[in-house]
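What follows is a single chain, given as structure tokens, in the form predicted alone.
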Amino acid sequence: MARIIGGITTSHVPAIGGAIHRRLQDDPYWKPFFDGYPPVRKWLAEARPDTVVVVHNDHGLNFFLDRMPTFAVGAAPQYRNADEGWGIPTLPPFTGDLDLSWHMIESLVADEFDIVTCQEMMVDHGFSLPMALLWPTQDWPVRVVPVVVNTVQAPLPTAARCLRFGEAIGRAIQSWESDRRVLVMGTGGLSHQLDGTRAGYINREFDLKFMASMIDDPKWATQYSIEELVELTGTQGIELLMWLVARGALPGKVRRLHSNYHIPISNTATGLMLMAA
């Protein structure tokens, strides 16, 4: 059976792509952020995952407000990055893991999650930038399965449902008859709000409690409604739902191998965690 080797959660701010392109990794503004990733890359070189399940949100590249699935799973042989208008150079395409995609889809439907199956899908910065942070040479030594969670158009899935969705993904991976080593990654957040009267809002205290809960008590955030989470973290801070999905996929207790928290990057509190399953 396939083995889940660990999980990574990381932010996916579009400005990161510009900083990578301009080689600003050692710039004083960016260095505390980029310095968080070498330990994760070292672990990846040793752990050698074969496939990465990337849980992210779509920013209008595939789905817009008139067609917004709650959960979607990619089942394409290849995923291309496209221009979103941020001025970020597009990245090389990603090779899909079709066998795992279809196994996950069948298992999730059997687990009573009504998902959208995408045999064609593009990937935006929510997917591509975390991959570039982990593999900066952009040669992608892994296959991928994209999983999209709605964090844009109400009604959003509750935190509790996202955790259960992650648990169902974990069961699907572990029941897959394969010897492949699977990494689960959740992207987005942490607290930030890009618009309205609270533009620039960051809640450091909540962010750090949430990161701690990922190790000790993954159900902690499920006590809050979506409206309460938006109040606590900002409109776009609700992207923490992808972190919950990724954490739910990890079997049993986990160990924190590395973490980083830095503010601000483009008015966003950025977080990074590496967890061993």
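Residues carry their position along the shown sequence, with the first being 1. The structure displayed is predicted, hence computed values, not measured ones.
Unshown form predicted in complex with a small molecule; subsequent notes refer to it.
_Residue stretch of 160 to 168, 139 to 147, 189 to 197, 105 to 113 approaching the small molecule in the model of the complex, non-hydrogen atom distance within 4.5 Å_ = Looking at the other structure, the answer is 189 to 197.
*Please pick, from 265, 257, 254, 24, the one residue with any non-hydrogen atom lying within 4.5 angstroms of the small molecule in the model of the complex.*
Contact with the small molecule in the model of the complex is made by 265 alone.
*All of 14, 86 and 239 within 4.5 Å of the small molecule in the model of the complex, heavy atom check*: Yes, the whole trio is in contact, each within 4.5 Å by some heavy atom.
*Please check if residue 209 has a heavy atom lying within 4.5 Å of any heavy atom of the small molecule in the model of the complex.*
Residue-level check for residue 209: no, no contact with the small molecule.
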